[in-house]
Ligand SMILES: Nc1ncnc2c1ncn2[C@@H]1O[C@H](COP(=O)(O)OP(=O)(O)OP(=O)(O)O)[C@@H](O)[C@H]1O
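Shown here is one chain on its own, the form predicted on its own, set out as structure tokens.
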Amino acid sequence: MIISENAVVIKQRANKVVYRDGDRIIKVFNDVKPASDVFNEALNTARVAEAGIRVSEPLEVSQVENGDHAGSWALANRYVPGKSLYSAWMDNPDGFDGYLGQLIGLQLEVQGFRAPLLNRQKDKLNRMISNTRGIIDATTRYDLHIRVEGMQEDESVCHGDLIPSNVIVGDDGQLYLCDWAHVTAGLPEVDAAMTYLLFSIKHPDNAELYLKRYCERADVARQAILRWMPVIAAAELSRGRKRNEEFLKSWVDVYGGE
């Protein structure tokens, strides 16, 4: 993959740099990112697109051939003209209630699709809980695995990272979801629990409102989502995000008090 000299950085994280390069959005990953993870994200995106969900279509997965990122794996998707829901919210903080409604409406729309070829949510959660050795004790891990094994079977599309910055408000008036690295086929309540956790970390003042509105729109009990919080928090701990470790452990400890 060639990144042009006119490419503009639009996002930078510890593990990736995202460029706008003409009609492409290019995510360039650091040198420890396995190629299989990059190909898997492209495959996930293709599968949800085939299910009928609006996405920024994948164009190419390859190693960068030029510049500072030469040799790094990159994923190119088609650029969708518009702005992120997060940017719209920051530009108009008083309009948050409407933006939250859009986010939840999109989440429920996506959860209404079925994509049985995606990775199973249950399998992914079990793997992530197993990877918390040294962080969560064996007894708690065992209890969490039992809870996951008792999960109701479902093939709903669960984005797994649905937050305002991953939603694009297109110039065509449509909403598009990006970053499909964590999508699974599974239970919508677990997906909602992940969004609630991410709101609690990134936008804590709005987390409870998200949970309230989601429960109202989905006609689901608050308890049906909160019961998955220890599992979701354990899964996040497996990513090694030290900054939020104590907060996530506090959610896992809730389970021990039941």
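Start at 1 and count along the sequence shown; that's the residue number. Note that the structure is a prediction, hence the values are computed from the model and not measured.
The discussion below concerns the form predicted together with this ligand, not included here.
- Between 149-157, 103-111, 136-144, 73-81, the stretch whose residues reach within 4.5 angstroms of this ligand in the model of the complex through a non-hydrogen atom is 73-81.
- Heavy atoms of Ser56 reach within 4.5 Å of this ligand in the model of the complex, making it an interface residue.
- This ligand in the model of the complex comes within 4.5 Å of a heavy atom belonging to Ile25.
- Although the partner is absent here, Lys242 is not a contact residue: none of its heavy atoms lies within 4.5 angstroms of this ligand in the model of the complex.
- Mapping the unseen interface onto this chain, Ser165 counts among the residues with a heavy atom inside 4.5 Å of this ligand in the model of the complex.
- Residues are counted as partner-facing when one of their heavy atoms sits within 4.5 Å of this ligand in the model of the complex; in 3-29 these are Ile10, Lys11, Arg13, Lys16, Val18, Ile25, Lys27, in sequence order.
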